[in-house]
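The chain that follows stands alone, in the form predicted alone, written as structure tokens.
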Amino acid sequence: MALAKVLGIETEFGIAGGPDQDPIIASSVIVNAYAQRGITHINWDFEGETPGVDARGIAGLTAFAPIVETQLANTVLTNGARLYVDHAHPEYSSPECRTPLEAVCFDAAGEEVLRRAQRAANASLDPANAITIYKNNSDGKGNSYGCHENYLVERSVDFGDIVRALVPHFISRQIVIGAGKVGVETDRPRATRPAFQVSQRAEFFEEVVGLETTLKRPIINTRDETHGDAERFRRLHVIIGDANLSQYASAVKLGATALLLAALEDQGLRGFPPAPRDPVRAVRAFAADPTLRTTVECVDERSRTAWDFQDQLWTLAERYVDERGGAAVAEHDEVRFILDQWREMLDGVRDDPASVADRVDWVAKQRIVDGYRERYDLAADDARLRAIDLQYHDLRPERSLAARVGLRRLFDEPAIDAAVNEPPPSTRAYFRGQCVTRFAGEIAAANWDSVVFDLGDGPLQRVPMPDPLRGTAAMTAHLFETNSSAIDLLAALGG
């Protein structure tokens, strides 16, 4: 039976402005501004971080393993999330969530965390140094930054099977969950430089499988850092995907991928489509064609469009749910919602894009860009269209174009506000978040799989959490209700 698909999203936000116009300084200002509001200022525990471990099990395959930057601003939030500086960006890593919709809510909470941090930071800065934050994936100058997903997978599943199953999905799902982009940023032949692309990230991918995340980006990332019991679990780290402003797109992005992983665990490769002969060329070609007509040759000598891949994968997922129920992903109603939205959005982008402009980011953005270009009779490469593109992603509600185009919402402001402050009850993030909320002064550090207490007398005490499905509200809420101090909590846990 498939493992419960604990999942979450890590978002690196675009940033502009700040002291000396330095993005690293600006990102540090943002993280520290939120921490200094009295929310939390707990250090991240880097013990056990192993970003260089490769899922293929062969050392020396790459010289560019991700670097762990321990000296930059880094803190743990009361909702169980992590807020820190990653390279030159503020990053919000959501807490572990049990279902796709729960993860969407906590991803939306990350947007609100960054808005609050931005307001707090700008209140202390000279207006000339005001910081602006964008939920996007490229700066228009050839630099890309990620929106990564994470899924809990059974360790016994062969990694080669994961590659075989998910390459067709990752190269094609952009037609439903892409955020759209004006123009091209990489060095492509002029004849293949589209005026508008379906995805922000697709053109930056150069390999099919690999460990890197910032150079030679792979469609399937092999970073094997479980943040838990490595004998039982694998954390599939997905780096190919856009940062969505549409909550519906985020739900389908997470839900569809989780369903396909569950199907792979339960029934193997049966029903997955053949891979294209050149997946890197395919992912770029699909991104460059908003008409969705582009085909690529596959290993079975047939040609397929991105829509063809997604149609077959949707059929596979629906059949799996009919046969197995999909409980590894969510309750029946949520799974049904994900399948229905995936189907509607998939058919809509091909047959009637206007019908899904309230859910598909790239369609919503393209309508704005085309309307502005036609209204002012602009060339396709006019700089003003790139400015429109960027403004779509502005987190400030009064400036954001995404906030004005009628995107449907799954969660209202009270639900998002609650997720900003409280952890999800369904995973170990509940225990972490409650500890941060109640005992911040006695926590030396924390990370995904442990909380380290400093009671001031004696050695540090680490509470390990190797199982993401333990430490939930159902398992630990009574401990917080009956133990008002950290020393009592640790005693109740058995020291």
Partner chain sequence: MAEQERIQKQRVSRATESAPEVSVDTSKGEQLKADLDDLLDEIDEVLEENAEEFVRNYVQKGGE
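Everything quoted here is computed from the prediction, not taken from an experiment. Numbering follows the first chain given and starts at 1.
This next part talks about the form predicted together with the partner chain, which is not shown.
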One residue of 319, 302, 336, 399 in contact with the partner chain, assessed in the predicted complex (non-hydrogen atom, 4.5 angstroms): 399
Heavy atom within 4.5 Å of the partner chain in the predicted complex, from candidates 88, 410, 73, 195, belongs to 88
Flag this candidate site as yes only if 12, 134 and 372 all have a heavy atom within 4.5 Å of the partner chain in the predicted complex; otherwise mark no. yes
So, residue 150 and the partner chain: in the predicted complex, are they within 4.5 Å at any heavy atom pair? no
So, residue 213 and the partner chain: in the predicted complex, are they within 4.5 Å at any heavy atom pair? yes
How about residue 138 - does it come within 4.5 Å of the partner chain in the predicted complex, if we only consider non-hydrogen atoms? yes
Classify residue 404 as contacting or not contacting the partner chain in the predicted complex by the rule of any non-hydrogen atom within 4.5 angstroms, answering yes or no. yes
Among the candidate stretches 108-116, 385-393, 165-173, 272-280, which one is within 4.5 Å of the partner chain in the predicted complex when only heavy atoms are counted? 385-393
Pull the contact list for 140-154: residues with a heavy atom within 4.5 Å of the partner chain in the predicted complex, in sequence order. 141, 143, 144, 145, 146, 148
